[in-house]
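Quick heads-up: the structure tokens below are two forms of one chain, split into structure 1 and structure 2.
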Structure 1
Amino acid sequence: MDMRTVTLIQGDGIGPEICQSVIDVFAAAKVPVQWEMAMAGLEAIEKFGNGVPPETLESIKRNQVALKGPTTTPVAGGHKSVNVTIRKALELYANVRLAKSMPAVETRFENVDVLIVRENIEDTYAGIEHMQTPNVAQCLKLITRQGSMAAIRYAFEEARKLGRKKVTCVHKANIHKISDGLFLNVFREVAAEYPDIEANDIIVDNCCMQLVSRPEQFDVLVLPNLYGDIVSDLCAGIVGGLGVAPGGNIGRDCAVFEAVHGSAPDIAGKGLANPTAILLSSIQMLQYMGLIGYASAIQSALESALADGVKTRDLGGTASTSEFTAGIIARLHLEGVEGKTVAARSNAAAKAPTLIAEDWQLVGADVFVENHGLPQMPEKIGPFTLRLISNRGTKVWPGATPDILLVDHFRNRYVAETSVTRADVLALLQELTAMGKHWCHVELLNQVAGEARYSKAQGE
């Protein structure tokens, strides 16, 4: 079988110890992988003043697959997180985590086997935040058709490849009707292309409740970034914590697999580190590369070592990192593994998603104004009529202002009878400026065939 080259970033703290475990197990299992060592983290910062040197990114791009040990992010010195740098530089659009019950890892639940696919770039993680007034902060939650489609399609492709039966979309589209609504619509669109896989959806709060009561009902979950961040740690918790949680970051051209835990400086160099999470990540990596025979052989050996009580101290055992590794190697059964391969993951997820075009009609603008107390706003300006004023989404005008806490941030909805232009909106803003209104934020109101492309205020 052809040898494949994989970039190996050993990382900091316990990184080199747990990576050695993967190197040893792969060598014993005769996995057709050769390692290309690359640097990231503290050593790279010391040598190059950069946590992720360009050569490391080049190596990952060249080999298309990397395994990464944990890296320490120095608190001082303004160094960017190595993980975030790699994720952004390589546009790793989906984060994949497996939460699977392990033998001899005591938890409240048995038979949990959930694959969590999280959109990895956008949502509130685009990091677009502004103070609107001294008292009001705003973060843009960006959900895009393209970003959602890439992650969702990856979830279905993985489900099919791993023989999983069901993909569940986790969202809050009952409240975030437009943003999470888009994620859910894209999910339904993609699901229709995979009739062999059951598709359903669940609201994120109910999903959390179900996960901590009946986690065995879930198979594959796909989520926008923020819910995915939280729910994937919740899932790690129900199978025994971050020590046994593997993960991968998937991009259009490459993928980086890593344990979810950190560099554990408190136990580094003492032979106490548990390599389970990075071994599970390397198993995910082998599945991604299509080397499924090797992946199952290593998974079985790892599970039987744990079941036989060969465990590191964090799991209540006495084995050192190298004793645990030797225990896995002793339990490897390699008959027929070489023949069991499938095609490496297709790049279907990265197929350029179709950009849709719509004939939008501009009908007005929401003008946000900073004011202490209900502002006196003109009811008519040019083609626009003031329809409502809201505070934190609740209508406060027209009609009696409800007895609610008012903040210094009022949304004034100006709407025209017919379609208007951007120049009309500009004139509206100029007029408000001339009147001394302290506007701080503007959103255009568009519609398509009478259907609004914006949300209605509570009480509107």
Structure 2
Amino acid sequence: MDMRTVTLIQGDGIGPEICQSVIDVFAAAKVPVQWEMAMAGLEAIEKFGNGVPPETLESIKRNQVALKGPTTTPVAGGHKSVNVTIRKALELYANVRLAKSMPAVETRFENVDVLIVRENIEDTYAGIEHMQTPNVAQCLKLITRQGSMAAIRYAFEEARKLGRKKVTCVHKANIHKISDGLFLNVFREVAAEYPDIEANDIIVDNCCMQLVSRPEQFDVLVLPNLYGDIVSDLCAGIVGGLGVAPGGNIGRDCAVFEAVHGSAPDIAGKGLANPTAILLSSIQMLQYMGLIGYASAIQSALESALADGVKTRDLGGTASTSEFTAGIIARLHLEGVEGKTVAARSNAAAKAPTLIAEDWQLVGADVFVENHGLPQMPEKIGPFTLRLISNRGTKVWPGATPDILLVDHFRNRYVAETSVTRADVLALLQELTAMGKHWCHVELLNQVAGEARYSKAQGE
């Protein structure tokens, strides 16, 4: 069997220790994989000033498959997330996590087997944030038809390949009617192409409650990025934690599999690290590569070791990282593994998504103004009439101002009776500037055949 080269990023903290476990198990199982070492994380920053050097991305592109240990991401400052950087640079649009009950891993639930497919690029993870005033921060939540369709189609394709019966869309379209509404609409469009698979949807907060009540009711979940991040960790929690949670990031041309837990620098080098998550991720990687026999052999050895009580301390055992690895190797049975292969996973989601075109009519603009207290705004400028003023999404004008906390960031909605041009909006802004109004942000208001492509204010 031909050798395949796989990029290996050991990462930070316990990363090198748990990656060594994979190296040792693969060697013992005679997996036809050779490793190409690449760097990302703190060491790369110290050496190159860049958490993900170009050479690392080139290695992944060249080999098309990578396995990655955990990397450290500072909170509220410092370098950008290495994980997010890799996902965006390689357009790894689907994050795939399996939450499955493991032998001898005690939890409050049994027989959990949920596949979570998370859109991996956009949503609030686009990272488009601005301070609007010294007291108001804004983050743009971007949901696109193309990004949603790629992740959702991948979820249905995986369900069909794996013989799963149901795909559930998780959303908050009751509140985020336009953004999550688009994700849900795309889900319904794609679901119609898979009549052999049951499709339903659920609001994200209810989904969380149901997961910790009756997780067995779920099969495949597909979610926008932020909800997917939270729900996938919740699912990991009900099967034993991130220490037993594999993860894969799937793109059109390559895939990166990773341990989804943290780098745990406090136990690095002490032989306490649990390599289960990255071993499970490497098994997921082998399945992706079509090396089914090797994947099954390592999976069986891992489960046998756990069932026999060979566990690291975080799982209630006494084994060190190396002892746990040795326990898996001792239980490997390799008869016939070479003959159990299938073609590497093809990606139906790579086909061009269906795009739509609409005849938009520009009818106004939301002009966000910095002001201490309710601003005195002109009610008529050119073709525009001031329809409302809101603060943090709640209408504060016209009518009596509600007794709420007002921040120094007011949305002023100017709407025309007929269609206008961008030049008209520019003239509106110039007039407000001349009046000394400190506008800081503008959103155009469009409609299609009288249907608004923008949201109402609370109380409107």
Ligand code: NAI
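A quick note: this is a predicted structure, and the numbers were derived from the prediction, not measured. Here the rigid core means the biggest group of C-alpha atoms that line up within 1.5 Å when the two forms are laid on top of each other. Numbering for residues begins at 1 and runs along the sequence of structure 1.
Both panels show the same chain in isolation, but it is structure 1 that comes from the form predicted in complex with the named molecule.
Once both forms are fitted on their core, the CA shift for Asn446 between structure 1 and structure 2 remains under 2 Å. Once both forms are fitted on their rigid core, the CA atom of Leu223 lies less than 2 Å apart between structure 1 and structure 2. Here Glu110 does not count as shifted, since its C-alpha moves by less than 2 Å between structure 1 and structure 2 after the core is aligned. Superposing the two forms on their core, we find that the Cα atom of Glu17 is displaced by 5.1 Å between structure 1 and structure 2. Its Cα shifted by 3.4 Å, Gly317 is compared between structure 1 and structure 2 on a rigid core fit.
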